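What follows is one chain in structure tokens, specifically the form predicted on its own.
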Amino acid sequence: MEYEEPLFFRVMKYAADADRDVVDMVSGNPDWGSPPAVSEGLHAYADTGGDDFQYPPSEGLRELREEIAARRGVDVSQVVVTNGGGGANYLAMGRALERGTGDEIVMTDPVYPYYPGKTTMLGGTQRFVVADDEGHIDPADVREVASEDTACIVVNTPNNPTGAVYPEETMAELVAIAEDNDAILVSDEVYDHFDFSGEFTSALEYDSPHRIVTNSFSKSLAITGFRVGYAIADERHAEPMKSRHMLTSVAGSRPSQAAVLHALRNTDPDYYEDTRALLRERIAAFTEALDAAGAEYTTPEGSFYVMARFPGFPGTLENVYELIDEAGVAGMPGAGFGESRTDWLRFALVTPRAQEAADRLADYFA
């Protein structure tokens, strides 16, 4: 799967230029607002003055790294603060490839398109394992594809685009497969706060030098523009990852990191539960309307994406444009996520108009 131009931006531009009102369900930008502690932290930082407006440590503010380490049960030396989850994935995948143990990166199909893009950019070879209808992968299929040429296995749980949450037995076996093939499992857990199943298991549950966990505050705190993510890796990987981060990014944003630190310390757990409750309501309403439209769909166990298949309406970019023009709903083409979901469309439930969008789809396909 080649990935040259981000389809997300092409679809969003087409929707923005449309001659009618369009409900945007393309990208995962949370609409429910960040907790008050984020802006409080940003204001407090702004008041510190110019002495604190310079470069932060390249690996991230020490206090933020300590906070992350305490919450995740790891040593602070294993934490690298990055420019969003994307930066963390780039560092992790780059580390896997630079070890020289293989050049293949194994991913799922459907796949978050930036993983194949990063693979190509880093000079790796793409390999895919097809997920089942609900988005789950069989570790036996991963083991069959993995070999001495495997540098890295990349998974995302809770998953974008399917909403699947990988259970404990899957995660344990994925770590074992990475160990058996001298590869690295990169577990992207950016949607960990949006688990509706109770089955989410972090790869951090397994103490192994063959796993790197990546995450971000973009979704959990609804601050995609702040670009604060992190990677947790064994020190033998964390140190070279810090060097790569310095060479490619120098450092992340100091104000953003300060605001995130304040938010982590001062946000009530109810904030996270309220967002999960909101999303459960949207999922129920959206899928009910999809039933009325005669669609087949995935009900997310986590994250906030629904994939749907409408009879006789493949998930092509052309059909996405048609839905924008004729139904006033913008989603993503399933073809953009790999070969196994070319008949599907993906919708992000991060708009207060999710119910309206579902009704429009039901009317259009009625």
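From a predicted model like this one, the values you see are computed outputs, not experimental measurements. Don't overthink the numbering: it's just position in the shown sequence, from 1.
Only in words, not in the display: the form predicted together with a further copy of the same chain, which the text now covers.
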- prompt: Is Gly252 close enough to touch a further copy of the same chain in the model of the complex, meaning at least one heavy atom pair within 4.5 Å?
  reply: yes
- prompt: Can you check whether Gly87 is within 4.5 Å of a further copy of the same chain in the model of the complex, heavy atom basis?
  reply: yes
message: Met246 versus a further copy of the same chain, in the model of the complex: is there a non-hydrogen atom within 4.5 Å?
response: yes
task: With heavy atoms only and a cut-off of 4.5 Å, decide whether Phe196 touches a further copy of the same chain in the model of the complex.
output: no
- line: Note: exactly one of Gly124, Pro139, Pro167, Gly117 sits with a heavy atom within 4.5 Å of a further copy of the same chain in the model of the complex, namely Gly117
- line: None of Ile223, Ala238, Ile177, Leu97 but one has a heavy atom within 4.5 Å of a further copy of the same chain in the model of the complex; the exception is Ile223
task: From the candidate stretches 295-303, 65-73, 41-49, 321-329, select the single one in contact with a further copy of the same chain in the model of the complex, where contact means a heavy atom within 4.5 Å.
output: 41-49
